[in-house]
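Below you will find one chain, with nothing else, as structure tokens; this is the form predicted on its own, and questions on how it binds or moves follow later.
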């Protein structure tokens, strides 16, 4: 398997880099944070991203997308990670649209996916219920009633939950709390009776929400996939999300390293450039080597998503390898970046701290390094 970008992917990568450098520097995120923007993302910037076709990157042409594949979406996410772009790309496009595309009926896909591409529809996946990611531990219930279901339960860490038009809620229609069987997915209008959404301000200045469902009534047509048998499809969606987030983390850590390298070449101490200190050179070399390994892990995982010959089990292994490795290295690189900047690295006025904060949140999202090491071992029978 070649881990080199195709010519089209490289052109897309270059175009995406130029766009975010010009239109979405870290100062945009800083401004959103300082103004406590009610959306949490720049709406004008999002419209420009829609015009570039980023929302339809991995959506089939039959539903208004461009079918560039997850390899294309991955390079866009990588470049957006370089400047810490806050946008609906992960919640709506990577997770939400993938859930509809993987599990939805033909009618649901035909109705909803074109709305994602045009920007009319924002989505949020509501799965986690505890502080740590455990996708099979679902207490939220969905009980049949009349011609639909009644949902009750709470969700945490719902990315972009407060701006979503529709929520994709993971609920239990049967089985015990930890069973993989009995899990179902439902499309729920964010303004439906009984839905309560409370925004959370995360340390990385991104959007998250706490979701409460109190006797929320939905029709049978809101069911996404087969009742009680959605776990396999959900796992595929989560792996798509994990790989995409890993791609974004790759861009963030690469930029943090580049900023640090420039600083080592400019900062003088006792009349000598600190980049000439052997101890710092060794640490920078370790960062570089680890980032190169991360590139291979992310490229392999993205290519596997677009390879129809790869099984879900193979994709799952590569997803956990990528997420575990990227979570570990993102912490290393962001820590080292702040430390090598010394006192200025600890100040809010300097951008490097934003990369450390983003690394912390991204590492925990959809499973941290410990979760994915354990999952990889289980997938291989250990």
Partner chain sequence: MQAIAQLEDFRQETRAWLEANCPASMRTPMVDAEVVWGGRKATFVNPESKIWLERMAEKGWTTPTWPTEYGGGGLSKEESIILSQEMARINARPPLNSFGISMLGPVLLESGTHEQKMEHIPKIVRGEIRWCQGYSEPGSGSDLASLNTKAVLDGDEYVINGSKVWTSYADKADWIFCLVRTDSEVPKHAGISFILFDMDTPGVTTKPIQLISGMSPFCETFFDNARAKASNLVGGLNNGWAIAKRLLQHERTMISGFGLAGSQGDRGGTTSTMDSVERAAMHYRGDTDKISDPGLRDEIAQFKIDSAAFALTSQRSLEESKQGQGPNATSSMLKNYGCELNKRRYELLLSSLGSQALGWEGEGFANDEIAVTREWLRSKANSIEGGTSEVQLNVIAKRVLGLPDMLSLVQK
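Residue numbers count along the first chain shown, from 1. If you're wondering where the values come from, they're calculated on a predicted model, not measured in any experiment.
What follows is about the form predicted in complex with its partner chain, which we do not show.
- Query: Hey, in the model of the complex, does residue 335 get a heavy atom within 4.5 angstroms of its partner chain?
  - Reply: It does: once its partner chain is placed as it appears in the model of the complex, residue 335 has a heavy atom within 4.5 Å of it.
- Is there a heavy atom of residue 342 no more than 4.5 Å from a heavy atom of its partner chain in the model of the complex? Judged by the heavy-atom cut-off of 4.5 Å, residue 342 is in contact with its partner chain in the model of the complex.
- State yes or no: in the model of the complex, is some non-hydrogen atom of residue 299 no more than 4.5 angstroms from a non-hydrogen atom of its partner chain? Yes, residue 299 is a contact residue.
- Message: Does any part of residue 353 reach within 4.5 Å of its partner chain in the model of the complex? Heavy atoms only, please.
- Response: Yes, residue 353 is a contact residue.
- Can you say which of 225 to 233, 81 to 89, 188 to 196, 270 to 278 gets within 4.5 Å of its partner chain in the model of the complex, counting heavy atoms only? Single hit among the candidates: 270 to 278.
- Message: Between 150, 202, 259, 154, only one gets a heavy atom within 4.5 angstroms of its partner chain in the model of the complex; which residue is that?
- Response: None of the other options qualify; the answer is 202.
- Task: May I ask you to choose, among 120, 292, 106, 146, the residue with a heavy atom within 4.5 Å of its partner chain in the model of the complex?
- Result: If I apply the 4.5 Å criterion carefully, the residue I get is 292.
- In sequence order, which positions of 130 to 162 have a non-hydrogen atom within 4.5 Å of its partner chain in the model of the complex? The stretch touches the partner through 130, 131, 132, 134, 156, 157.
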